[in-house]
Every structure is written in C-alpha cells, then in structure tokens.
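One chain is shown next in structure tokens, namely the form predicted alone.
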C-alpha cells in the first residue's frame, strides 16, 4: 500500500471512531428505574385482636396489593400499582401498646424509609402516633381506629383517616334502637376503659338522651382493655334489667364477653347492641341470639353495597382465605384504594408525584371502594365520611342472617365540618 493510501485509511478509521463516540455521547441516558412505592402496614398480628381484626386487615392488604400490582382490579382502579408504579408492603405488628407503636413508627420512617404508613386499629395507638407523623413529616393513613378526637381536637397535615370515626357507629345505633324498639326505657353499657370505649359510650348515651329524653341509664361498666373476665360486670348489667345493653367491645374482649354472658342469660333479658360486632358473627354464630343488633362500622362486610369493587373483593378474599372479609378487611382495602386514587390524581399522567402533591390530592378527595363512595369531608379534608348500617340477627339453620337492615346517610350520623361530635349531638341530632 502506498504511503498516501495508508494515510487516507487511517483518517477514515479515526473519523469513524470519533463519529461513533459522538453518537454515544449524545444518546440520552436511560430513564432511572422508579422504585416501588413502599408502604408500612401496621395491624395486630398477635394477641386477642389479631384473629378478628388484625389478620383480616393484613389479608386484605395482601389481596389488594397483589391484585393492584397485577392490574386486576375493576375500574376505576384498573391501572397497575399506583399509576403504573409497583407497591411494596412491610407489615408491622400493632401489639405492645402506644409506646411500642411510636418506636415502631419511627423505625418504619427513619430506618426502613417507607413512602407512607397505613395502620392502626387501636384508638390509643392512633392518638400516640399522629403527632409523631407530623414531627417526621410522613404521609400516614389511619385505616380503622375510631376516636373522633384525632381531628376534632387536632389539625394535621400528614395524617388522614380514610374511614368514618366512631360517632357514626353510636349515633346510628341510637337511631336504630329508637326506631326498631320504640318501647325502650332502660339502657346499660359495657365498654373498654380507654379512648375508644369512653368515646363510644359518651356518644351513644348522649344520643339516646336526645332521642328519648325519658331513657334511664341503669349502669355503665368500664372494664380495662383486655380484661377477659366479666363476671362482676355481667352481674351489674343484669341487676338493672335494661331493655338494651350497648357495647363497643372488639377483638378478644367481645368474644369473651359473649361466651360468658350468653350462658348466664343476659341476652334473654336484654337486647345486645354490638357496634363492632360484625367481626364475631362467623366465629360466634352459635352464641349470638336472634334479636341482637349488629353494626359493621359502616357499609362493610355483610352490609357492603352491590358494586363491582365489592364483588371482586369478596370473591378474591374468600377464594384465598376460605372466609368472607369482615369490616377491618374492608377498611384496609379502602385505605389502600384511597392512597391509589390520590397518587394517580397527583400524577395526572406525568412523573411520579412527590409526597406534597399526594397530600394535596388526598385532601377533600372523593373515591370509590368496596364499601361504596368515600368522601374526605371532615377534618379539613383529612377525615372520611360514609353511610352507617345496622341490622338485627336472625339465625337460619345455624347461619346468621340480618333482617330490618337500615342505612343512614353520613349527614344524619356525623357532625358537619368544624363542629365537635358532642356539641352536634346535643344541639342538632334529630330522629
């Protein structure tokens, strides 16, 4: 090869290499992979509340998240994950009390770096965790706990509750009693001696006195949470011969009370009103007598509406766990779908939204769930409202069914924005 030929060839090779290098340099970098949205889910996984409450809630989280990640839910939640972003779940046991839960919450946020927390059945745990969520500035959705104090006594930016508070349960119970048992004159109560039980009895007693001014309260028993033995309390209830016995007992306490009170004949003398009794209806079907009044903390479980989301949820849950979902399951599903709806509203077809945008989207949001339409209408858009439902037990061939089912719209059983439940009950509650 001649010298000038070798020079041209070398120049051509060099030019090719330079052009290839320029093309590589100018090619856009591949988009960074979006990490899964990590949710810390807190629910009772041990102790007396695990079986009827915590485990059904965890089961619901597993069913819903798995289906969301596979894009298997009906509209309007058919999109995969959160707007296409996969969901990862970390489960934490709620057992141990408020001090333990505050420590667990800090661990979820500061060490496990979750994007959001969904949790808490116990009202005491909610009251303890909410201020810490504000301190750590982490989006937190309370899925079940009932005390109205959360948003009636405080204002939060990072904390939401995607289900109605307990005023709904107890006002609706009072309305149901006065409508279906018009001759009721004597009322008693047995409730756990902490925020949930105290608030529940306060609202029910006040509602009964407004709706039936001549009602007589024979006794109000307040055993400690988890007491387990109720012999003395049952004796006190029976001595007053009340027409009804109101109880917001839940979990192992409810099971123990029913198993101890039924053999002593309490339910033959008095009609029991269990505001959270729906979780016990399968396990204790043989001990819950006809005439018992049961609530499911809203339009959940047996009272859930006939919509596509409920049809899917009941089928998916029952196929997987061989038992139908109870109200804690519905409330967990509701929280996850509320977060999904807010995320996708904040996303609006763009990039993954940051926490501030998700919070702004969740405030005042209306979204669909297996329990029907949910509106974040109280607590400056941080507290959900929905309808209340009660029914009366009728045993059919060993299976509990419900008759005389009544539904109450949210505005009839919950105060308006900016009004405390206690004040509203005394001044505005009407039959």
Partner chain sequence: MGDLLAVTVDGVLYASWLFIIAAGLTLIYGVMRILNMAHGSLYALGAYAAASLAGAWLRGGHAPMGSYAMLAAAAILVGLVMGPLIERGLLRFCYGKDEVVLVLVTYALFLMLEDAVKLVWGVEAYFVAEPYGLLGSVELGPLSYPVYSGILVLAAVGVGVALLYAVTRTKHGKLLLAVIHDREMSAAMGIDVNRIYLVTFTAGTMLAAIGGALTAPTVSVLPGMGVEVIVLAFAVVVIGGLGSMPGAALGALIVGLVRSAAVHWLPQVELFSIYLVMALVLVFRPRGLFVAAEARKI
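Positions refer to the first chain, counted from 1. The structure displayed is predicted, hence computed values, not measured ones. Throughout, rigid core stands for the largest set of C-alpha atoms superposing within 1.5 Å between the two forms.
Just so it is clear, the following notes concern the form predicted in complex with its partner chain, a form of the same protein that is not shown.
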Handout entry: Site test, 46, 235 and 239 vs its partner chain in the predicted bound form, non-hydrogen atom cutoff 4.5 Å
Key = yes
Exercise for the section: Find the only residue in 79, 217, 222, 308 having a heavy atom within 4.5 Å of its partner chain in the predicted bound form. Expected result: 222
Completion exercise
In this chain shown alone, the residue from 318, 193, 355, 180 with a heavy atom within 4.5 Å of its partner chain in the predicted bound form is 193
Problem - Segment assignment from 293-301, 168-176, 225-233, 340-348: heavy atom within 4.5 Å of its partner chain in the predicted bound form - result: 225-233
Exercise for the section: Look up in the predicted bound form whether residue 83 has a non-hydrogen atom within 4.5 angstroms of its partner chain, and give yes or no. Expected result: no
Practice task
Examine residue 243 and determine whether its closest non-hydrogen atom to its partner chain in the predicted bound form is within 4.5 angstroms.
Solution key: no
Handout entry: Partner contact for residue 283 in the predicted bound form: its partner chain, 4.5 angstroms, heavy atom
Key = yes
Exercise for the section: Verify the contact flag for residue 213: yes if a non-hydrogen atom of it lies within 4.5 Å of a non-hydrogen atom of its partner chain in the predicted bound form, no if not. Expected result: no
Exercise for the section: Note yes or no: does the Cα of residue 230 move by 2 Å or more between the shown form and the other one after the core is superposed? Expected result: yes
Exercise for the section: Take the rigid core as the frame of reference and indicate whether the C-alpha of residue 193 shifts by 2 Å or more between the shown form and the other one. Expected result: yes
